[in-house]
Ligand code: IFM
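One chain comes next, on its own, written as structure tokens: the form predicted on its own.
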Amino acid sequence: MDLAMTVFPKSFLWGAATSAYQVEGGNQWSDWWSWERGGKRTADHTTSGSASDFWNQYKLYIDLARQAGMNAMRISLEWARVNPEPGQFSERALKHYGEIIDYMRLQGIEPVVTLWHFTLPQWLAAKGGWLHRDSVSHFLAYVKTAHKALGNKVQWWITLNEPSVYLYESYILGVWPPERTFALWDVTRIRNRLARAHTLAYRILATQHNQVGIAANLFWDTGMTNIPFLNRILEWLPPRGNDWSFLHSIKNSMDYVGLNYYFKQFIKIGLTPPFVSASFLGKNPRTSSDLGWEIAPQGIYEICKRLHKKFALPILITENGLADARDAKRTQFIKDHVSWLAKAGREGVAILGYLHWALVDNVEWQLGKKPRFGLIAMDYERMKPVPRQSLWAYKNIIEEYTA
């Protein structure tokens, strides 16, 4: 028997990931739609437009995923589309998302559905977003409505995507809406509300047939001193944008852990405040992505082992990818990360699936459309998707591990 078969069973989810705003583009009800027109964008100042036009061309993308051997796809619902006004829910938007999910199932693609992937309805953002005292109640009303409309079509749910990244970018760095900087008290309040929002949403979504979790952003932290004991201490400190502590706060309300893994983070000690610094930028362009992120496949193994030890829950890789416009490193990137996942599986870690980020080039938040994460390239001038070689290489990897 192929050793890979003993690690990845036929139920293993092989696929790719997207998020609504990033592939559907902006819409007039979203806080990002208005922010695009007046925020601090750090890259191009163009608006997202229709992004990759997934809203209209979803059948084309799902067909390509099927042709590439995938049996799963992560999508998200745009809260603002579904809930454009306070207390009002769009039957049209829910019907369209239902049609997308139905077509996925028709093609043998298991939907993994995220309910919140950073964006907010404008009406809620205008009231303070997650700082508003009723924000959790508004979120739960949206969750109940989405579950009622789509629950019979969806088994895999993700309540929240990368809570700590949202807090860091929006309320520490201030490069995402609402552009608050070092608002530490707000960070604490929102973090607590997000944890409560997840816990209560879990009670709505959790059934004997459903699997519910979050997508947690976790780094492979590596101490950079010459003292091994000190390095271990540094590696256990809570670094920026890292969801370890958030996972601990919701540990009794998860059926699985969703892992978003991208890079190794280097932890250093300095002589000036804040004394401890972190960097995820690699020194060698040959081993870094187009964004300079260090490529470190072993990290996915190290984090899975730690998650297994801490929570004893199965793990779904909900994002793993790199910006690589030339498509020169993506195939090897996937091979190496899947190989390390196989090692974790052989050592007793339950790995449910691997969803590569991303299915198609998209709007990379404040960085705009320049970073290219897709297995499918996007020709934005013609609004035409073009499969990359790595898409078909991924098919071969899937076949190798499931044959």
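Start at 1 with the first residue shown and count on from there. What you see is a predicted model; the values in this text were computed from it and never measured.
The form predicted together with the named molecule is left out here; the points below concern that form.
Engineer: Check residue 161 for me: does it contact the named molecule in the predicted bound form (non-hydrogen atoms, 4.5 angstroms)?
Structural biologist: Taking the distances in the predicted bound form, the answer for residue 161 is yes, it comes within 4.5 Å of the named molecule.
Engineer: Taking heavy atoms and a 4.5 Å cut-off, does residue 357 contact the named molecule in the predicted bound form?
Structural biologist: Flag for residue 357 set to yes.
Engineer: Indicate whether the named molecule has at least one heavy atom within 4.5 Å of a heavy atom of residue 166 in the predicted bound form.
Structural biologist: No.
Engineer: Does any part of residue 364 reach within 4.5 Å of the named molecule in the predicted bound form? Heavy atoms only, please.
Structural biologist: Output for residue 364 is yes: heavy atoms within 4.5 Å of the named molecule.
Engineer: Could you spot which one of 186, 324, 221, 319 gets a heavy atom to within 4.5 Å of the named molecule in the predicted bound form?
Structural biologist: It is 319.
Engineer: Name the residue from 138, 264, 81, 117 that puts a heavy atom within 4.5 Å of the named molecule in the predicted bound form.
Structural biologist: Selected option: 117.
Engineer: Which of these stretches, 365-373, 23-31, 51-59, 339-347, has heavy atoms within 4.5 Å of the named molecule in the predicted bound form?
Structural biologist: Looking at the partner contacts, the answer comes out as 365-373.
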